[in-house]
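Presented as structure tokens, the chain that follows is alone, the form predicted alone.
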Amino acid sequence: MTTPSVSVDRDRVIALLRAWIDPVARSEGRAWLDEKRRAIADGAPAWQFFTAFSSVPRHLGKDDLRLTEADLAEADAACPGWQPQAWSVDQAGRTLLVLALPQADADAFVHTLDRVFETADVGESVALYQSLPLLPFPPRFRQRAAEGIRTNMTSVFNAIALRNPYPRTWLDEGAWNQMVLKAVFVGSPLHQIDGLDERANPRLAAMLVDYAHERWAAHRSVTPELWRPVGPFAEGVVLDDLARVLRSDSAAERQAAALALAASPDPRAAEVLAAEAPDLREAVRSGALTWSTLAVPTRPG
């Protein structure tokens, strides 16, 4: 796997996180956080970091950050793809403590975080996985990201899979494909996966089609979003699957099939779409129907 080139302005990240905490946390909590950050940066014993990391909610609370569109734009500028709109104040505080750890020794930094990951509760795990794109030495956390994908806790899985640029940049194809397939399986919204379109690939498309067949055999539906990574690789018999979806009673499913057919490289796809749903073909052509405008229902039954 080629090592990606990623530019993260960590000084700006730290400044943003600290500024976002101000209107949410009390002054006593902010003072506590700043004191702990200084001590950790100055080389405090590891146990002090572990204790502070665990204690953050008690001092800062768990309220959501109050981020504006301008804040989110600044987040993306500091770390491309970073989407902290769902972050809480304790998650921001914990990330600041992690970023305060001395970074001169990569092995020591990673070892400290390994110890936290191994003992973290659900809330701590969510904060750690959300912070991955912001950390130094990002290739060293590929295995941790893969572990986040395998978890049976949906909130932890979503912390790594959704609104997080780390998987897009650092996961290999096998781990990426497993993440997307699991997102479908657990009912997580695929449109919140950063890089979903760019990292679509033939193996993933085949896995998703197989999953759809399994669901249909059990008389179950699939999320319309499943067809989004399939479309660019839909050929041959997969077009018959999409024609079937075009005849669904669900408007969202029909729209998804139309979008997938429009993205297909197979010349027959245009014929299927024109024959089965000429109105949807025109909606796609005009730009009235896109994956962004698709109304995705709740998790299928």
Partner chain sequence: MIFIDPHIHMVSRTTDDYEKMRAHGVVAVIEPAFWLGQPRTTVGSFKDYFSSIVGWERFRAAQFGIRHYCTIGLNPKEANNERLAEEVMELLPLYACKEGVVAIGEIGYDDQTDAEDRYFRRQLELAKELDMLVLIHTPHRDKKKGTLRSMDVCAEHGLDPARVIIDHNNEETVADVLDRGFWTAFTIYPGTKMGNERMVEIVKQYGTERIFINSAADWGKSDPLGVPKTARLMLQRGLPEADVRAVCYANALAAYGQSGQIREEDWLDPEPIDQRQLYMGNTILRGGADPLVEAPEEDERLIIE
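Positions refer to the first chain, counted from 1. Since this is a predicted model, take the numbers as computed values, not measurements.
Note that the form predicted together with its partner chain isn't included here; everything after this is about it.
Peer 1: Going by heavy atom distances of 4.5 angstroms or less, which of D210, E198, D172, D121 would be at the interface with its partner chain in the model of the complex?
Peer 2: Spelling it out, the residue with a heavy atom inside the cut-off is D121.
Peer 1: Which of K182, R115, R215, H191 has a heavy atom within 4.5 Å of its partner chain in the model of the complex?
Peer 2: Of the listed residues, the single hit is R115.
Peer 1: Select, from the options 22 to 30, 56 to 64, 266 to 274, 230 to 238, the stretch whose residues sit within 4.5 angstroms of its partner chain in the model of the complex by heavy atom distance.
Peer 2: Of the options given, it is 56 to 64.
Peer 1: Just to confirm, Q143 within 4.5 Å of its partner chain in the model of the complex by heavy atoms?
Peer 2: Looking in the model of the complex, residue contacts with its partner chain do not include Q143, since no heavy atom lies within 4.5 Å.
Peer 1: Would T154 count as a contact of its partner chain in the model of the complex, using a 4.5 angstroms cut-off between non-hydrogen atoms?
Peer 2: The answer is yes: T154 has a heavy atom within 4.5 Å of its partner chain.
Peer 1: With a 4.5 Å heavy atom cut-off, would you call T51 a contact of its partner chain in the model of the complex?
Peer 2: Taking the distances in the model of the complex, the answer for T51 is yes, it comes within 4.5 Å of its partner chain.
Peer 1: Please run the contact check for V126 against its partner chain in the model of the complex: heavy atoms, 4.5 angstroms, yes or no?
Peer 2: Yes, V126 sits close enough to its partner chain in the model of the complex that at least one of its heavy atoms falls within 4.5 Å.
Peer 1: Which residues in 246 to 280 have a heavy atom within 4.5 Å of its partner chain in the model of the complex?
Peer 2: Stretch hits: zero.
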